[in-house]
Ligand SMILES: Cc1cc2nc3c(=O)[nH]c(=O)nc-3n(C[C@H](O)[C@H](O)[C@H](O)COP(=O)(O)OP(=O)(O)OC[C@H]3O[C@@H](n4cnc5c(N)ncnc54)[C@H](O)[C@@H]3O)c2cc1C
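Quick heads-up: it's one chain on its own, the form predicted on its own, in structure tokens.
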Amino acid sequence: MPAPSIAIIGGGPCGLILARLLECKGIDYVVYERDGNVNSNRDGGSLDIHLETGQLALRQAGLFDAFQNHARYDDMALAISDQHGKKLFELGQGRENPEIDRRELRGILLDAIPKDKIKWGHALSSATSSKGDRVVLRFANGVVASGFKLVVGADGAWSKVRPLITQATPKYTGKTYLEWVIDYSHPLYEKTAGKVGAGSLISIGSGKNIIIQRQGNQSYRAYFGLQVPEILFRNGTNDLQEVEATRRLLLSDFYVDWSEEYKDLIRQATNFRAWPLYTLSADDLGWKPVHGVTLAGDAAHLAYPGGEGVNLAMTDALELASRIAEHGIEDLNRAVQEYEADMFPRTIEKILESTVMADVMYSNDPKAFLHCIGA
């Protein structure tokens, strides 16, 4: 049996919306996803889907009504405070960028794609070029696949497809989040719900931040934003399983000058997950087109998280699918060239904006963040 025309590596929002758009256009494809099955979804937080980018892709994919069933417009509320808990700014819910849990968005996309188009349990080990410029995919489960006319790397920050196009690799930003979840059963839940309510609270001061965000199941995720060496929470330097030791570290070395209500978040934390932040620079974009392969989403333009990542990725998928439909399978090189020419300036701008955002998020002055967002 001949290989499908297009192989999509990665079953996140970018890869799945691309698959759905190709499905709508009658273009053959296959998605390779590292998760073992549909029920082994990695946990994730909440995503804000923007009107002219992510929502547009969902409309073109015929999935906007399904999205509306899960979209949380009330969670667009945003409050900014200083490290002492004083609120400096509050933004209401009259915007058009609703939140949706990553898990819910993935479910919508999976339901819209034929089950036989997704190959579960296929973690890509390497992608190499063969004779005739065809890409050979080797997976950790021993499967080797080739014969595709186009391979799309939508496989995230540590893309195994990226080396076919560029030697660029993500660089550590010097910043890490420690995350934990406050659910209904936690003693701090009622106090947190009373403080934050719907949406998010961002507190900034002394070169650090704390973000608390409500999720679709009404739990809250708390993120402690730190400027730390890359190895501090890796390789056993600080074992996050030792919760009490992590609490002591945060209280003594990082949040000693923050108010007691924030210290209580630390004192009563029950678990932590480290999220070191990496980025590609604007200089990493602008590679020469490579026959039979391209990148999308974080694989192409990983940036500091600021609400644009998933929206840029879904726009990539929409633009690429549109170019492929316009030029056809027999002229994929032209489709990819036009897609990349559009993608570079669009994403370079957002990478630069995210760098500015990172600077003010980890500043001593929350008012600098307000200025950055135009408040």
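Each residue number is its position in the shown sequence, starting from 1. Just so it is clear, the model here is predicted, and its values are computed rather than measured.
The following text describes the form predicted in complex with the ligand, which does not appear among the structures shown.
**Prompt:** Can the ligand, laid in as it sits in the predicted complex by superposing nearby C-alphas, fit this form, that is, is the pocket open, or is it blocked with 3 or more ligand atoms within 2.4 Å of backbone or C-beta atoms?
**Reply:** After C-alpha superposition the pocket is open.
**Item:** Proximity of residue 156 to the ligand in the predicted complex, heavy atoms at 4.5 Å
**Value:** Output for residue 156 is yes: heavy atoms within 4.5 Å of the ligand.
**Request:** Consider residue 59 of the chain shown here, and say whether it contacts the ligand in the predicted complex, taking contact as heavy atoms within 4.5 Å.
**Result:** Contact with the ligand, no.
**Item:** Contact label in the predicted complex: residue 247 to the ligand, heavy atom within 4.5 Å
**Value:** The answer is no: residue 247 has no heavy atom within 4.5 Å of the ligand.
**Asked** Taking 4.5 angstroms as the cut-off for heavy atoms, does residue 22 touch the ligand in the predicted complex?
**Response** Output for residue 22 is no: heavy atoms all beyond 4.5 Å of the ligand.
**Prompt:** So, 6, 134 and 148: all three within 4.5 Å of the ligand in the predicted complex by heavy atoms, or not?
**Reply:** No.
**Among the candidates 208, 162, 106, 214, the residue which, in the predicted complex, approaches the ligand to within 4.5 Å (heavy atoms)** = Spelling it out, the residue with a heavy atom inside the cut-off is 106.
**Request:** Using heavy atoms only and a 4.5 Å cut-off, determine which of 346, 70, 34, 334 is in contact with the ligand in the predicted complex.
**Result:** Contact with the ligand in the predicted complex is made by 34 alone.
**Message:** Heavy atoms within 4.5 Å of the ligand in the predicted complex: which stretch in 61 to 69, 22 to 30, 324 to 332, 310 to 318 meets that?
**Reply:** Contact criterion met by 310 to 318 only.
**Request:** Quick one: name the residues from 2 to 29 with any non-hydrogen atom within 4.5 angstroms of the ligand in the predicted complex.
**Result:** 9, 10, 11, 12, 13, 14, 15, in sequence order.
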